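Only one chain is shown below, in structure tokens, and it's the form predicted alone.
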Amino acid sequence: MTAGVPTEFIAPGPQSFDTPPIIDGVDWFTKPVLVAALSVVVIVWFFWGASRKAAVVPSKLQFAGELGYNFVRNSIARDAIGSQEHMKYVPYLCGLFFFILLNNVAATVPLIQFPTFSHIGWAYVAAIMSWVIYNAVGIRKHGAWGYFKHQTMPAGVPAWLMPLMIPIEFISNILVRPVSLSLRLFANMFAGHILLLVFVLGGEYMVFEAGSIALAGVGILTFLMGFAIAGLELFVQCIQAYIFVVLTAQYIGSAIAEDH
């Protein structure tokens, strides 16, 4: 760089999510893999520690574990699936919720600052897992043909409308759900992190690189706005974990329900 000449600002974009291998020669071991692995370790440690010495008067860790578990069990599984069937799905929904939550919140954790689900492959895997589970339990409950009718032939629809309704319901209930689940999660994590990078890196550039007092003042405001964006992103991260698991629970509930 020539003295006195500001460097060119490189705007954040898809290239900002290209993470190099953490260990040379191990191409698959990137930051998203590390964050996902760490989140599994934290979840296992947290619930193991919370339940290891369960007591009538809970410790702080036990109280926190019970609070998280009861939130998923009562506010998500029971409300979406029903009081008769929900308990068998709570372990999956609880693990899924905290896995997505920790990997989302990692975007605001210093030294990590990367949302795993901003790589769409991770969102696809989570959505496909849920898709397989709710279709499998539906087929187990109704049989293959019964489940197909359950998902594609709404009760009360005249027979002459069925040729129109069956493909619409099949696309909506069978094909679109995993796509919408994954894209919603991916898009929010990707867009939120891009927005945060724009404010933080843009503010840093205007303060340290632009070479203008006026731009430096704007850069300070922009950088401070980055903190507000980080708070908004943290809210979105939590909401998206909740939405993903609520929709999964609703899909399971609709798959095993008696009527469509």
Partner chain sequence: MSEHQDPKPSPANSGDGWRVLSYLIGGVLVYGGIGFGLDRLFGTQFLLPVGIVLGAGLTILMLHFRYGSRS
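The structure presented is a predicted model; accordingly, all values stated were derived computationally and were not measured. Numbering follows the first chain given and starts at 1.
Keep in mind the form predicted together with its partner chain is missing from the figure; the text below concerns it.
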Considering its partner chain in the predicted complex, which of 187, 144, 128, 175 comes within 4.5 Å of it through any heavy atom?
175
Stretch from 152 to 160, 114 to 122, 132 to 140, 88 to 96 whose residues place a heavy atom within 4.5 Å of its partner chain in the predicted complex:
152 to 160
Report whether the minimum heavy atom distance between residue 109 and its partner chain in the predicted complex is within 4.5 Å.
no
Look up in the predicted complex whether residue 236 has a non-hydrogen atom within 4.5 angstroms of its partner chain, and give yes or no.
no
According to a 4.5 angstroms non-hydrogen atom cut-off, is residue 242 in contact with its partner chain in the predicted complex?
yes
Can any non-hydrogen atom of residue 16 be found within 4.5 angstroms of its partner chain in the predicted complex?
no
Would you give me the residues of 229 to 258 that have any heavy atom within 4.5 Å of its partner chain in the predicted complex, in order from first to last?
242, 243, 246, 247, 250, 251, 254
